[in-house]
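Take a look at this single chain in structure tokens; it is the form predicted alone.
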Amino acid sequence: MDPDAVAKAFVDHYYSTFDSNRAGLANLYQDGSMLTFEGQKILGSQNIVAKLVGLPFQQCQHNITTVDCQPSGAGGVLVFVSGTLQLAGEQHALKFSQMFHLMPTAQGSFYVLNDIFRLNYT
């Protein structure tokens, strides 16, 4: 497994899906997955997707600046992303950071075990 290739493929898929169809992210999470969104902890795929779909904007565009990754135990991959988030109708983009802990599935793909998201205010 090449962690860099896994991270790149995951990041491309995650953010293109988020920007076009947030409900489509459901298959990336499992019941034991956890999202910490701006300090709020959310457990389980169904609750995570409900949070993401319920965000107070319909359209957005992520622009990724950096992707860093490391292999983790049990075949997992840590992925750290920074970039900007442009909301429809807003003049200025928001800076964000997001960390994912990807774990392998029995089918040979990966799911998100941990996901931490923060806006970066300057």
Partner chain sequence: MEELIDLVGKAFVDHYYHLFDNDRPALSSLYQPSSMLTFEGQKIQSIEDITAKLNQLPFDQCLHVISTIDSQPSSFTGGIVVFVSGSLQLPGEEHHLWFSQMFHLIPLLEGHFFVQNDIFRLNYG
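Positions refer to the first chain, counted from 1. What you see is a predicted model; the values in this text were computed from it and never measured.
The next section is about a form of this same protein that is not shown, the form predicted in complex with its partner chain.
Within 4.5 Å of its partner chain in the model of the complex, do we find a heavy atom from each of Met34, Gly39 and Ile116? Judged in the model of the complex, Met34, Gly39 and Ile116 all sit within 4.5 Å of its partner chain.
Looking at 65 to 73, 86 to 94, 23 to 31, 49 to 57, which one sits within 4.5 Å of its partner chain in the model of the complex if you count heavy atoms only? That would be 65 to 73.
Close approach of Ala9 to its partner chain in the model of the complex, 4.5 Å, heavy atom: No, no contact at 4.5 Å.
For the stretch 89 to 104, I need every residue with any heavy atom inside 4.5 Å of its partner chain in the model of the complex, listed N to C. Sequence-ordered list: Lys95, Ser97, Gln98, Met99, His101, Met103.
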